[in-house]
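The chain below stands alone and is given as structure tokens, in the form predicted alone.
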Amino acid sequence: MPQLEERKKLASEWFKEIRDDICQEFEAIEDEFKAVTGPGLGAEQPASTGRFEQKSWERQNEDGSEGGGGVMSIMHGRVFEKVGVNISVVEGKFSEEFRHKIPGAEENPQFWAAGVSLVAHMFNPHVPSVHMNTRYIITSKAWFGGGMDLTPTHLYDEDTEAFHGALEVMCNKYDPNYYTRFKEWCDQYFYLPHREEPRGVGGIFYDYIDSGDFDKDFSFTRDVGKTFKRTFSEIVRRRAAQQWTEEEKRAQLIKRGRYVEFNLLYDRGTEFGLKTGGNTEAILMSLPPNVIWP
């Protein structure tokens, strides 16, 4: 038990650390583009650079006991139209209807879960939307999960190759099969069957990672966060001041509709949060601020 408590502490502290690092990096990007007034950063965008605002929330179990909580960090800026970086540490008991979906929960419905979840929707339609999350869950079993995926409106091979190339290098440090396995899992997961199309250009998705070596699995999960921060920031800086047209912006808003459809119809994280009494505002943080369906 002491070892398990130490692992909870390590994971919880890491999720806070990567949250702080990413927020600092994204605010730095806002500062870098504050003087840009040409095509791409137009009059429709805020005049001032964005800053993250934090809001805490607490969760209460059905029996009235404390169930943990989390912190939402949301920024509306000139480069980032809306970005949320949320962390949470929650515990309680799975409902009878949900237990069969979670490994180890049918044997014992008690759970503990911590994680960081990020979704960014950008002003410039040439900058892709992005999602990243990592989590550590404990029932009668314990495992890491997470991943990241890129959803561009306008495709750039340079961005896609840089994103996937960085993920492949990272994965190969731990297992030569990780990248292929997790990329395929991502492609299968982030797919809209009712439209018969992928959500974006993919990335990696992994779950139930428990190799028997906690340090290795935890190191991999930390690398997911660090690789995301570095790689996505490079893409943002490459595209943020690029000129766009009204047609290109409209295409972005339509593409965001696909994002909404997936997150409300199929996303496991949305279901997990709602089924475990999470904060609804935090769970739906992933939804874009503006969207259209033609």
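Bear in mind that the values here come from a model prediction, so they are computed numbers and not experimental data. Residue indices: 1-based, along the sequence shown.
Another form exists, predicted together with another copy of the chain; not displayed. Remarks below refer to it.
A.B. asks: Though another copy of the chain is not shown, can you say which of Lys141, Arg181, Arg195, Lys101 has a heavy atom within 4.5 Å of it in the predicted complex?
C.D. replies: Selected option: Arg195.
A.B. asks: Of His164, His126, Lys82, Lys93, which one comes within 4.5 Å of another copy of the chain in the predicted complex, counting heavy atoms only?
C.D. replies: Exactly one residue meets the criterion: Lys82.
A.B. asks: Given a 4.5 Å cut-off on heavy atoms, tell me which of 57 to 65, 23 to 31, 260 to 268, 227 to 235 is the interface stretch with another copy of the chain in the predicted complex.
C.D. replies: Stretch with heavy atoms near the partner: 260 to 268.
A.B. asks: Would you classify Ile292 as touching another copy of the chain in the predicted complex, given a 4.5 Å non-hydrogen atom cut-off?
C.D. replies: Ile292: yes, in contact with another copy of the chain in the predicted complex.
A.B. asks: Mark Leu10 yes when one of its heavy atoms lies within 4.5 Å of a heavy atom of another copy of the chain in the predicted complex, and no otherwise.
C.D. replies: Output for Leu10 is no: heavy atoms all beyond 4.5 Å of another copy of the chain.
A.B. asks: When the contact criterion is heavy atoms within 4.5 Å, does His76 count as touching another copy of the chain in the predicted complex?
C.D. replies: His76: yes, in contact with another copy of the chain in the predicted complex.
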